[in-house]
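Encoded as structure tokens, the following chain is the form predicted on its own, with no partner shown.
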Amino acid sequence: MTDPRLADLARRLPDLRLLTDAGDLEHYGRDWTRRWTPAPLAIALPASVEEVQGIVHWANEQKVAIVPSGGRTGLSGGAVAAHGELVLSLERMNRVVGFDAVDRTLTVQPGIVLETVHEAARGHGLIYPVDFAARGSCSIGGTIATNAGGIRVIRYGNTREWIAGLKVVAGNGELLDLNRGLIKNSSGYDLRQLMIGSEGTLGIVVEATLRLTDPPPASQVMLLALPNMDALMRVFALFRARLSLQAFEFFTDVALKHVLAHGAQRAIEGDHPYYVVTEFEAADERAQEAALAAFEQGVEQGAISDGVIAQSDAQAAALWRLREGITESLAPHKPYKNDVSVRIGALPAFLHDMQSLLGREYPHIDVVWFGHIGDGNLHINVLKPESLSDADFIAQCEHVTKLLADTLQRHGGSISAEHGIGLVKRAYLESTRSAAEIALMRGVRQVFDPNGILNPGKLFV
């Protein structure tokens, strides 16, 4: 270990695992964006809160930046270490700390994988309802840092609705115990909520107390084929009025083409421009009849072209794979990703403006879009043609993203719905936040991290 700064860290924390091999630096120094060449100083893997605090104190003294790291499944460059930062990976802090049956909370360390949290909650007859396709690899700490949403937001809301308390190491090394699991707490600013979605720029989550809830009633999954874009909102309104929706996810025929090529099975014959996977409560015969009636009404109105309802858990999983398998199926194509949101009421007008913009600016490039109609969140994936260099492709996409940000600003939307700002979207923050808001955000960051060591370069230009 030739770097004297690392030698000093090793002396201070003799039990701390430090990795410096080239393969480890590359693996831990990037996230799913793959746009920056990883170049961290080293990888630190603490096993305790005290080690995290020790690392932060050392970083302040040595003036070394820290990039907090979870599952690194992010899509905005928030976990990238490309300028000699120390990556602080929390993957060894991955235990369930405790369960409280009365408060119905599960306390966990930040490196625990979301799927493991789901299993732990089920073991107590409850659920942690935040869920999305990366559940097998993303960490709880990362989902808190980005206020992750996912496929159940229409029923359960985002991550912040389910965080009862946080323990956080601030940028000065101080350990903060925020909210302590209280349901009611009107004793000033809720710093817990400030940490959620802060992308590791204010503090490092070292423990989280999660609220759990009852499992939902029995549900059914339906796949719908729609004739045009306008039908999306009509069918959503129809189903929301008649059913208790748990999810309402849509994707295009282009997305279906890629996920089928990746191994999923076609469920509806013929070619249709838009599809919806919806899940709804179907605990009794009345609810099932209401679903059938909603489907028939949609067909009569010309808003639904075809559909299929799952008859088993296996069929439900196969229908969900058509939606959840999209991101994985697109990965080999090096997609440039936009993750945007508008109010549900603003969706129809925004969708038309967005489709016009993308069609005009990407006339010969595949654009795959899908999303969560029930919460106004759209995911746009632009697939790189082989004929374009990486640099030219990124430059073209950034030009279009600027136009998309302007469009979002007109419709009162956000350039980041659930993936954070990171490196990718920091140039477009002003389309979502006013100058006054950004100034206050910078001031907050200065208070929690006075030396600017936590994830510098992320969020703000």
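Keep in mind that what you see is a predicted model, and the values were worked out from it rather than measured. Residue indices: 1-based, along the sequence shown.
The discussion below concerns the form predicted together with a small molecule, not included here.
For the chain shown alone, residue 31 is not a contact residue for the small molecule in the predicted complex, no non-hydrogen atom being within 4.5 angstroms.
In the predicted complex, the small molecule lies within 4.5 Å of some heavy atom of residue 419. Residue contact check for residue 370: one or more of its heavy atoms lie within 4.5 Å of the small molecule in the predicted complex. Proximity of residue 211 to the small molecule in the predicted complex falls outside the 4.5 Å heavy atom cutoff. Annotation: in the predicted complex, residues 146, 204 and 445 none come within 4.5 Å of the small molecule through any heavy atom. In summary, the region of this chain contacting the small molecule in the predicted complex, judged by heavy atoms within 4.5 Å and restricted to 98-106, 180-188, 240-248, 374-382, corresponds to 374-382. Think of it this way: in the predicted complex, the small molecule has a heavy atom of just one of 277, 169, 114, 75 within 4.5 Å, and the residue is 75. The contact with the small molecule in the predicted complex, taken as any heavy atom within 4.5 Å, belongs to 327 out of 220, 158, 327, 341.
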